[in-house]
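One chain comes next, on its own, written out as structure tokens in the form predicted alone.
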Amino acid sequence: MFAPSSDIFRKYTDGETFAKIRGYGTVAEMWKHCADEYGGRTAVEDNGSVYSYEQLDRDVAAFRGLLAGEGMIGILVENSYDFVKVFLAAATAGRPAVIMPPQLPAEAVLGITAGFGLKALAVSPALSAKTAPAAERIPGIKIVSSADSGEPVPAADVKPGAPCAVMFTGGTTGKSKAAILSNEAVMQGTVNGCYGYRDVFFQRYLLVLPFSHVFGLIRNLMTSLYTGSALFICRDNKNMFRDIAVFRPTVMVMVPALAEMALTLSRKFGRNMLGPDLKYIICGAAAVPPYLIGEYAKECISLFPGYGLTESANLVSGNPECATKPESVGIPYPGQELKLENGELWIRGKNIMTGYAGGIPSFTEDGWFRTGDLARFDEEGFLYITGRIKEIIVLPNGENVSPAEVEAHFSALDCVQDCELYEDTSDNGTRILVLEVLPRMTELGKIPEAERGAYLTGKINEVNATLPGYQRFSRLIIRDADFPRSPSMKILRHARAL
């Protein structure tokens, strides 16, 4: 069993900065500190307006006045200043918030509202039509526009164990579940986001991830606020590079697919598309190819991979040694215990959810959360994720194949941007492994066009030949378009019935 301490991260930050990283039991406690400490500093830039910590604190207090009462509320607000205001108001009022993805259809909003017994819905004007079925069919439901303002109300006396947010899992291989995160869990995840960097406080963050995803809420929003940083909200990712040129961020929180796209465009246009001031990319929500770490290092940008789950308030580990251990998801953060049981990673601690909504079983009798991820630790305590239990392929000969473990060998090739291994049937009805590959054209483009196909398949076949026989693919498919992906840009894995 491994119970990490914050001291392990001390060497990556100067003493004065490290001493400023302290824990808070609740969002209300943290926010009071932020409002008092950072005052006139810029907290959020959105849609042409700049909001200081003082202004945000006033707006949060005023919106709390519209949330009088008890019970859980729903938040249906797109990425915007309004979301920041509404979420902080709910958290500091002691109103647990179900955070709904803005793309949900109206009937799904109704289903969540009824299923969770929500007492109120906070909705942005642009999405208000989606709450109409709930307003019509649920007696007494209170609909509050995120544009409204009430009389300022003081923050409530919130307890660390009280529920703060309900967030939906990605559901890339199955039905999405709703994880209930306590104030204590949200705050542990927020503080963990501060470890492992030289310059933590007073940065400039640009938001491109949805607030309805735990990576966007915890590491992008909450850690930004905690550290007195300024957050620029990119409302439409089509305008991401335009916004970067204007705001000039120093930190970006990204999924690998977005980091890959930015790198491709940088090569195409001969300049760093992420701006001259960017120092750090915090990268996660999917496996991070070592190629990206190396290429961004050439631009003097540190790309830090990490690992987290919705159920763990996002942050389980982060890798400050990405240059020397690029395949690792890093050192586990404090506030938790970790152990391996039959290769599966189990976690318990302050950052772990209190449970799934609906009473779905989630813990062992002694309180361990089974992540479903296969993992290993090296001799220095660095964590490596090697696959998902539910994705294991059991071959006719009884051998178990972890797709992620096999895919990592091919993803290490500079000419492979992404890949997926799955089981299918051959023409004669036998079960075989299939590898689909998305080429990395920034590298493949260096090869004469007539030779690219042979070069790519040759490199892939060379790797295939080094694998144990049961891990080798029998069919190779080269894609000319990206994989279908979830909103967090994870590959939506094939679901085939054999």
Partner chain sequence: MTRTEIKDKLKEILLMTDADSRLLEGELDESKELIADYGFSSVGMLYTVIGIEEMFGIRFENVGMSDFKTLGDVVDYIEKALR
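Residue numbers count along the first chain shown, from 1. What you see is a predicted model, and the numbers here were worked out from it, not measured in a lab. Basically, rigid core = biggest C-alpha set you can superpose within 1.5 Å across the two forms.
A second form of this protein, the form predicted in complex with the partner chain, is not displayed here; the remarks below concern that form.
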Even though the partner isn't displayed, in the predicted bound form is R198 close enough to the partner chain, meaning a heavy atom within 4.5 Å? no
Is it the case that K238, even though its partner is missing from this view, gets within 4.5 Å of the partner chain in the predicted bound form, heavy atoms only? yes
How about D482 - does it come within 4.5 Å of the partner chain in the predicted bound form, if we only consider non-hydrogen atoms? yes
Even though the partner isn't displayed, in the predicted bound form is V50 close enough to the partner chain, meaning a heavy atom within 4.5 Å? no
With the partner chain left out of view, choose which of M273, I393, M72, A404 has a non-hydrogen atom within 4.5 angstroms of it in the predicted bound form. M273
Of the options E184, D82, E260, D373, which one has a non-hydrogen atom that comes within 4.5 Å of the partner chain in the predicted bound form? E260
Only one of 305 to 313, 261 to 269, 356 to 364, 378 to 386 has heavy atoms within 4.5 Å of the partner chain in the predicted bound form; I'd like to know which. 261 to 269
Would you say I477 moves its Cα by 2 Å or more between the shown form and the other one, aligning on the core? yes
